[in-house]
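To begin, one chain is listed below as structure tokens, in the form predicted alone.
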């Protein structure tokens, strides 16, 4: 998939001009220790009614997820509902910061261990999204604290915690093979990629998004702490500067190439469009995952020094948009519909290999995906002195085949490929949301 801009692979999917239960025989989950959780999900449901900030402060607002927020304002004290038909962090208007982590289940971990951990994660995640500390025994000086503490005094910042499961989890280790979602399999090799195993794959993923980077990191850190002995960290990415909008109420952001990203992204408020392109529906044989989605992640390196030396006209031809306004080369305003038939001097105004053209749903039989990516940086290449960074692409869709179809086009023909390369990858089944009293352990194991 392509870079973070309208060229973003995901963007293409949306046509976004980027920058441009417990069955008999199943072992019951192991009891959750009182230090790892307290009445687990029952407590989590009770927490939902509480309105305490991370440091004991009252929450200023209750947010259904609309609008954007800036740290320090009223919106930063808002919370996003943890429970519902779908997991938060998908249709939720994109927050400013990301902490994304993947885990592998430890070799000696059992089915009961994993189920217990997921139950513990549920209660912890719900508490943290409400701005509360991870539940447990307070004041025991002889044991480590239940919460790492770095978010005490900070507002929730619209924190969302979204969980997903990779293909490898549904092997014969935990008796989950018969529950594998039909579309969940490793992605095939795709054109132009050079994937690093160190930032590819994973049994589980956690996406924590918030308007405060410390709140997002705190969420992943605490889940990792609860996972000691059961799961091992595989890789993690910190994202800043969202590279797409999931609601027209948000201004279109720019990616690290300086182009507006996500102009034509799916409006996550449109239930009809989300139902057709993003949410897993009745066609899925595995009933437990209906109402969920698939998450595809791609770490996309940008060759920024090379890009920064390119002339403006070529940059705009690469994306098919004007850099300043974000308008298509055939229009005047950002949200003008691109005219892919327009020609000048016998050549298309929007070039054949422009990202916006190749990614557009009009040119991909209506194929769309919901992009929700972030910029990232890895510092400086000590050998060349080049800046290391790019787009951490995240997209949600009702079948990973959507991404594969799109990326086969983009990876082979997109002019943006001169300046980007896909170096990391992941695909995960994201289950639906939880109703009151439910937890991720029971949801996964049935």
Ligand code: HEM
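Residue numbers count along the first chain shown, from 1. From a predicted model like this one, the values you see are computed outputs, not experimental measurements.
Keep in mind that the form predicted together with the ligand is not shown, yet the notes after this line are about it.
S.K.: Would residue 263 count as a contact of the ligand in the model of the complex, using a 4.5 angstroms cut-off between non-hydrogen atoms?
M.R.: Residue 263 belongs to the contact set for the ligand.
S.K.: Can residue 231 be called a contact residue for the ligand in the model of the complex at 4.5 Å between heavy atoms?
M.R.: Residue 231: no, not in contact with the ligand in the model of the complex.
S.K.: Can you tell me whether residue 393 touches the ligand? I mean in the model of the complex, with a 4.5 angstroms heavy atom cut-off.
M.R.: Yes, residue 393 lies within 4.5 Å of the ligand in the model of the complex.
S.K.: Quick one: is residue 210 in contact with the ligand in the model of the complex, heavy atoms, 4.5 Å cut-off?
M.R.: Close contact is absent here: in the model of the complex, residue 210 is far from the ligand, nothing within 4.5 Å, heavy atoms only.
S.K.: Which residue, 98, 257, 169, 205, is the contact with the ligand in the model of the complex, using a 4.5 Å heavy atom cutoff?
M.R.: Exactly one listed residue reaches within 4.5 Å, namely 257.
S.K.: By the heavy atom within 4.5 Å rule, which residue out of 302, 80, 120, 289 makes contact with the ligand in the model of the complex?
M.R.: Partner contact (heavy atom, 4.5 Å) among the options: 302.
S.K.: Want to guess which of 364-372, 195-203, 275-283, 127-135 is within 4.5 Å of the ligand in the model of the complex, heavy atoms only?
M.R.: Of the stretches listed, the one contacting the partner is 364-372.
S.K.: Could you list the residues in 316-341 that come within 4.5 Å of the ligand in the model of the complex, counting only heavy atoms and keeping sequence order?
M.R.: Sequence-ordered list: 319, 321.
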